[in-house]
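Quick setup: one chain, the form predicted on its own, written in structure tokens, and binding and motion questions come after.
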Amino acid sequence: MNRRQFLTYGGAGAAVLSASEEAYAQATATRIDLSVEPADVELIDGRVVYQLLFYGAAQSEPRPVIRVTEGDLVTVTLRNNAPEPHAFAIPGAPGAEIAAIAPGGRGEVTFRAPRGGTYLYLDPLNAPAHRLLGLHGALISTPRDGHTPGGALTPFSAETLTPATRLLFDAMRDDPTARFVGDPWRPAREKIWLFAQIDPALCEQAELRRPIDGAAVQRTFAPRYFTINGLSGFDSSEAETVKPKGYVGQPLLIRNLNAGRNTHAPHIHGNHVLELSGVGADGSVVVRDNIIERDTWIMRALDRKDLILPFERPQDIPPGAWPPKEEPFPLRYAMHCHTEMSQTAGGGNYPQGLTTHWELLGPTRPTATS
């Protein structure tokens, strides 16, 4: 192992460690091996900063997406290859905590995978400093049974579904009388948008091993770079791991998480999204009683929201002009943040900040199973 990993964010992706998206079998044992690694990270404008990152056992990708199935017995092993103590926690997953591990040490925890939904894993030590230095990632818990009484599949545990959620997923069907005419939602149709912010001054402080006071960081954190899955600007706009794409009638789930300190206001063009869930005071997934269509939603620090992008005909195109004859497919629609700092600060000068787009590939899906 070199002293540091070197990571060019423009080439970063998300590694899947365990569990199939369609796993609804009996509970099994799952083992996750992680390490904390120092890394030199190249940002959108070529600047290189020091960060701390979780890596999977293969050491190929930072912040691997951990996939588990609700109720599974999950064992996480963490090795600390950084020069200071680090820890591990999953807010909303009872018992999923590893206490401080000394440099060169190893810790382990076993817990039951939580109810279906989207979770953050992170380093809770010296909060929020270690999290802001890069020690965070996404954990996806597939529900043991995520079906509505009508048989539609959802990303949430059946016992947590609200009437509004059941009606929405039941309405995604091949029925000309339904609003969301097309395919039902499928687990393969999802994107993870993990937001984070980078303050080069904090990175330099950590690199020089100067004392860092988490409480002071809470007050003084001044980010200049804003990322989705570690990417910014052109990189995040063109990354296959970030940009949603599909045909009309192919609803897609966006798992949105904010691991940073600052509030974001993602704004999407072309379609509204439907906000399905939020976070409880204990970190649990809270399925919405009232599903609101939004073109802009709020993502505060440690917020997690699951959203449906319905892939409808864009409402600003009249039915008589659909499909368009002069505008070739794919139609591209922007997503960018309406919080000004993420579009204007330092390396975030628009369009190098927190931004991406989604693509409408055509007016009809090619097959019923695509």
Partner chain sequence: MAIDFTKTGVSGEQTFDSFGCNVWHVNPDTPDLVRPDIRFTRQVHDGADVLMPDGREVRFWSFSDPNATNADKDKPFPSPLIRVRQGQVVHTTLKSAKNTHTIHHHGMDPTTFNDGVGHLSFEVSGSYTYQWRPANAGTYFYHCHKNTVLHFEMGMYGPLIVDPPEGPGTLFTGGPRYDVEAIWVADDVDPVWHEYNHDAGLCGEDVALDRFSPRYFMISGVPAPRTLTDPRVIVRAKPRQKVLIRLINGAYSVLRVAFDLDATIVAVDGRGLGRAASPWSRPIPLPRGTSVDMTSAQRFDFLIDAPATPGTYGARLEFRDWGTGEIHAGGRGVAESRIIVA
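Numbering follows the first chain given and starts at 1. Note that the coordinates shown come from a computational prediction; the quantities given were computed from them, not determined experimentally.
The next section is about a form of this same protein that is not shown, the form predicted in complex with the partner chain.
Stretch-level contact analysis of 96-104, 174-182, 78-86, 118-126 against the partner chain in the model of the complex, using heavy atoms and a 4.5 Å limit, identifies 174-182. Only one of the listed residues (223, 244, 249, 91) places a non-hydrogen atom within 4.5 angstroms of the partner chain in the model of the complex, and that residue is 223.
Among 269, 186, 112, 147, the residue placing a heavy atom within 4.5 Å of the partner chain in the model of the complex is 269.
Within 4.5 Å of the partner chain in the model of the complex, a heavy atom is found for every one of 164, 219 and 295. The partner chain is not drawn, but in the model of the complex it has a heavy atom within 4.5 Å of residue 300. Although the partner is absent here, residue 331 sits close enough that one of its heavy atoms falls within 4.5 Å of the partner chain in the model of the complex. By the criterion of a heavy atom within 4.5 Å, residue 212 is excluded from the residues contacting the partner chain in the model of the complex. Shown alone here, residue 263 lies within 4.5 Å of the partner chain in the model of the complex, counting heavy atoms only. Counting a residue when any of its non-hydrogen atoms is within 4.5 Å of the partner chain in the model of the complex, the hits in 315-337 run 315, 316, 317, 318, 319, 320, 321, 324, 325, 326, 327, 328, 331, 332, 333, 334, 336.
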